[in-house]
Structure formats: structure tokens, C-alpha cells
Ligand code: ATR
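Below, in C-alpha cells: the form predicted alone, a single chain.
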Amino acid sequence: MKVISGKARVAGVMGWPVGHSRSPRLHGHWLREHAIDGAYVPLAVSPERLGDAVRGLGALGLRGCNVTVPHKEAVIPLLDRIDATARATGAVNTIVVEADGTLSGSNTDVFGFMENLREGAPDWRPAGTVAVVVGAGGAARAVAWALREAGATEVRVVNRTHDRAARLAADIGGPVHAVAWAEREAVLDGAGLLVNTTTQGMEGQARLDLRLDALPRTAIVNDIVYVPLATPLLADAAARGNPVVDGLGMLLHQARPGFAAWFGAEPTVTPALRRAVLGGT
């Protein structure tokens, strides 16, 4: 059992609910690996208490926190500054309490998404790709921005609530545009990448309502859900021969910048880390 002192550096993950998060296991592995006197804890914060919780980070002595569903967008007005990626995506997933007590927000989901694809599909090239993104929340914004910046020819965003998809497309701009939910299967035609950013397919949730008949078998299929690791979408895609990339790598890679800022060490993503986060040895 790891023992911490009264001088321990502390960070955490803020969400509602937060019990499903693997981030404490992830950061706990790195803390042990680097022999750091520190802790990373779950912070269950309901939407109506978000302001109190964020403003209390510094008062409690925390170095910062990750931000997950449903707070990634709502947290922005509560921060003193955000970086260019957070501003472009309209979502924050990492907060750092600076030495002067001010709060800085960033979006490392963009970094994590691209690093995961590079690792899971090393031969795939984003430039010139037609991509389909399912969902229009904070994670979808990060994915759409990452693909735009990487040179995708077209990013088709489909969401049950079309207005949210349209707002995302207008905010990100460039090759990003919204598609009606009724057209979600037709727009798979010609795509080189399909990304699910919704919670559909997560343990305890309904599966994503999407047939893959029109999707080219060469297209990469990525699901950012990582509980379970093999979602129904990934299982369907693999069964028809599509290359698949699970969502765990995005979680692991997006955590690297935050850990470095809070705990002062540069972590790496390794097979041992994946096993630890999945509950293995």
C-alpha cells in the first residue's frame, strides 16, 4: 500500500458520475512508477455544485484536476484562462492550479486522440481523410478540431440533436459540417475514419444505433469508450474486417500533460500501464 505524507501533491478527476473513471488507477500507476509523494482522487461533483468545487481547488491545496462528463464545457467560465485548443474546441478537460492560485484550463483530448490513432493505426494518415464523428459533446469537439488541424478533407458530424452538431460545425469551421441523424449510415460511404464520441456502447448503456454497411472495409473505426474495451461498435467493425482502435489509448495519452503539470514528471504509456488501468497486474 502506498503511503503519502502531509506534503503530498494531490490532483483528481471531476465528473458526475465519476465512479466509472479509470483515471485514478492510471495516475496511481504513474505515481508509484515515479515514486512520487502524491495522490489522484475521484471528485464526484453534481452540475449545480460545479462552481463551488472548481473555486475550491486551490483552497483545498489541490494541484488541479481532470474534468469529465458533463462538465467539460460548463467549467470554462469558471477559469481564469484557457489555452488555444480549449478555446477552439469549447471544452476543457485539464485544470492546473497555478502558483499564484489562478486556474488554467486546457484540452488534452486533442493530443490524446491523435496519439492513440498514431499508436493503434500507425499506417493511417489523417491528411486527405473523410471522417465521420458520432456525437457533438466536448469529446466530439476535440476530435473534430484534431482532424481539422491534421488536414482531414471533410469531417461529417452526426448527432441525435442536430442543433448541437450544427453548433459544433459552426464553431470549429473549415471542413467540419453537420449531418442529420437520419443520414448517419449514408454518410459512412467514402469515409476513411469513423469515431464514436458518445457514451453509447459503454457498460450499462445501449449500443450505438449504427449499421456499418456503407462504410468502406479499409476505414479505421475508433470508439473513445473504454469500458468495455471491445464495444459493440468495434466488435461489429472487426467482424467485417475494418481495422479498429479502442478508446483506452486516448485516455492514457491525454493524461500525460496533466500528470507532468501536477506532479513534475514526464510519464510514458506502456503495456504495463494498460494492464494496470484494465485491472491486471
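Don't overthink the numbering: it's just position in the shown sequence, from 1. All values reported here derive from a predicted model rather than from experimental measurement.
From this point on, the text means the form predicted in complex with this ligand, which you will not see here.
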{"query": "Heavy atom contact within 4.5 Å of this ligand in the model of the complex, the stretch among 112 to 120, 96 to 104, 78 to 86, 136 to 144", "finding": "136 to 144"}
{"query": "Distance check, T153 to this ligand in the model of the complex, heavy atom within 4.5 Å", "finding": "no"}
{"query": "In the model of the complex, T108 touching this ligand (heavy atom, 4.5 Å)", "finding": "no"}
{"query": "Contact test in the model of the complex: R160 vs this ligand, heavy atoms, 4.5 Å", "finding": "yes"}
{"query": "Residue contact check: H177 to this ligand in the model of the complex, 4.5 Å heavy atom", "finding": "no"}
{"query": "This ligand in the model of the complex - contacting residues of 184 to 199, heavy atom within 4.5 Å", "finding": "T197, T198, T199"}
